[in-house]
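To begin, one chain is listed below as structure tokens, in the form predicted alone.
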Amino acid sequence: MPPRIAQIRLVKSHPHVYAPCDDSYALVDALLADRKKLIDHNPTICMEVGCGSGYVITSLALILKSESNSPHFFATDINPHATRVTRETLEAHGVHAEIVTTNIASGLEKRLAGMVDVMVVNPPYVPTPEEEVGGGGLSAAWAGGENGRSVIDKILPVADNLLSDKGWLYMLFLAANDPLQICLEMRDKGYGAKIVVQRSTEEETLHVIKFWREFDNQVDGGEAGSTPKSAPQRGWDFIFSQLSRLSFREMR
């Protein structure tokens, strides 16, 4: 029997809330691809920033339900319609999360500092004029400013503060966001990275990238290896080659 995730027919909706789409499905597919690792990871606190309809956080809760020590789930969104819809989606699937209407994680940063073991983010990544960023309603879910990076660049430091020593961040990027540069910046902060899902649609190329704090005994986001010093470098060489080729194709 395949792992259970949120059922689209039970996902609630609202005219001003972003409905599940290709990017949402890619993020859940990344979680499914890492399902065994997530269960073995045994997270205590899981969090979604920008929960929208609740499809992703509900799927994560269902993936981990009865398979681990019942982690505590948090979900945040700046849109009050989204937090209400997320609550309804969770309830429809029989799972629970603490839901907060806030900008990224404002009001939670001290409480959860260094405690989040799994964070998932489908950020506003679409390149738009800066004046469209942070608007009310549906546009807040996708308007990302110049290169689609305005909100992403605010989320990453918050994630760095919230993630535990064993914390994993699953974040979705558009090719236009320059994920290679993001990976380089995260490497400078001491993170490893791996492309979990890469998907092209008619309109965009999406990447779900997993980040983790890189320690000598933590290779490839939890997979121990016999050569902990060289394995991360091989991983970086691969991700750089993948993203560099993609950037070249996008420029042509």
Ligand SMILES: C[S@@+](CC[C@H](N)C(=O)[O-])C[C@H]1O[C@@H](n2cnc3c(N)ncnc32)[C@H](O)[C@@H]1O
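Keep in mind that what you see is a predicted model, and the values were worked out from it rather than measured. So that there is no doubt, residue numbering starts at 1 and follows the sequence shown.
Although it is not shown, the form predicted together with the ligand is what the next lines describe.
> Residue-level question: is V151 within 4.5 Å of the ligand in the predicted complex, judged on heavy atoms?
Close contact exists here: in the predicted complex, V151 approaches the ligand to within 4.5 Å, heavy atoms only.
> So, in the predicted complex, is N122 in contact with the ligand at a 4.5 angstroms heavy atom limit?
Residue-level check for N122: yes, a contact with the ligand.
> Determine whether any heavy atom of G50 comes within 4.5 Å of a heavy atom of the ligand in the predicted complex, and answer yes or no.
Answer yes; at least one heavy atom of G50 falls within 4.5 Å of the ligand in the predicted complex.
> Any chance I104 has a heavy atom within 4.5 Å of the ligand in the predicted complex?
Within the cut-off, so yes.
> Can you pick the stretch from 109-117, 87-95, 163-171, 138-146 whose heavy atoms fall within 4.5 Å of the ligand in the predicted complex?
The contacting stretch is 138-146.
> Just to be sure I understand the contacts: of V158, I78, A176, L180, which is the one whose heavy atoms reach within 4.5 angstroms of the ligand in the predicted complex?
It is I78 that has a heavy atom within 4.5 Å of the partner.
> If you apply a 4.5 angstroms heavy atom cut-off, which residues in 191-205 are near the ligand in the predicted complex?
The stretch 191-205, when checked against the ligand in the predicted complex, contributes no residue at the 4.5 Å heavy-atom cut-off.
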